[in-house]
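Only one chain is given next, in structure tokens, and it is the form predicted on its own.
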Amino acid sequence: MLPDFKNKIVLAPMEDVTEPPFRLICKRLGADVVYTEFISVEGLVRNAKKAREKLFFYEEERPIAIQIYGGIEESMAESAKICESVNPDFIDINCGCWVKNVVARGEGAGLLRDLPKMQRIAESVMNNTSLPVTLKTRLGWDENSIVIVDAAKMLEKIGIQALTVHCRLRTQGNKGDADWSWIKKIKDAGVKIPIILNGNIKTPEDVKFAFDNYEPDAIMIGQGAIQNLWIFSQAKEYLAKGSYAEPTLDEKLDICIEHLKLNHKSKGDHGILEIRKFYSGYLKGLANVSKFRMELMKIIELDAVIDKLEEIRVYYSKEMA
């Protein structure tokens, strides 16, 4: 059964970011629904190790979607069966990835230039799984081809159960303003399936403004969660009472260490390297912290990283006393 998206705040799929440990932490900090990294269907059908590994999730993450992308209907159909075999809550189709090597193959946002093909791709998945199927896309290829309203109507008609709209164009990538007003335009056009707003949501204030003005069913947060994993719980607090608390130093370091241990358990020493992208978020707001952060970037042993984080705790606890 499709999760209830009404008034929910969800974690966006992000390549090399939304791996199981990060998703689990975000879930514990208030994300209502989470998505895997996008997975190549060609990798799945060829039994590629990296693609198959991306199917893993913790039970605690539910409800969770496995997100897939591709441009060949037969591969999409076979991958739907593979995804169903690991029993996620639903499957999401990526029709929004903007990177050149993806769109050049008629995948991701490349499908915005061929809505009939987007329809066939979606149907190939829906016809080969009993799971709910949703889809994520953008406003259009460029400013002269904004097709999102037509795409939303088409997708609803064929049975897609929810639509996430990254409110930028393919030509924008992940830069520039996101035009959230298109969410209300989709609603005003009579589309009834859940519409999830995505793109440039960075603060709890952004979440409230988007809900108040553009009528999305849910808000999806991507890059904003990398710098602030507490954004989900803070946004809920802000919606409920108009203010929110910042995490304490101890809360930040406790979660950072938990994240580190999950990464190490999942990927060994390589997991220690991969968590480095999150240090700036965990240590944000600490005066003159760059020295400590640079030291952390050089450490490759689990216990040594934990020792350095505890050193940071002691140092700043004294500074704040």
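Not measured: the values here are computed from a predicted model. Heads up: residue numbers just count along the shown sequence, starting at 1.
Another form exists, predicted in complex with a small molecule; not displayed. Remarks below refer to it.
Not displayed here, the small molecule is approached by residue 67 to within 4.5 Å at the level of heavy atoms in the predicted bound form.
Though the partner is left out of this view, residue 145 does not reach within 4.5 Å of the small molecule in the predicted bound form, counting heavy atoms only. Using a 4.5 Å cutoff between non-hydrogen atoms, residue 17 counts as a contact of the small molecule in the predicted bound form. Among residues of the shown chain, residue 133 is not one whose heavy atoms approach the small molecule to within 4.5 Å in the predicted bound form. This chain is displayed without the small molecule, yet in the predicted bound form the stretch 191-199 from 119-127, 191-199, 152-160, 244-252 comes within 4.5 Å of it by heavy atoms. For the options 140, 204, 71, 222, the residue carrying a heavy atom within 4.5 angstroms of the small molecule in the predicted bound form is 222.
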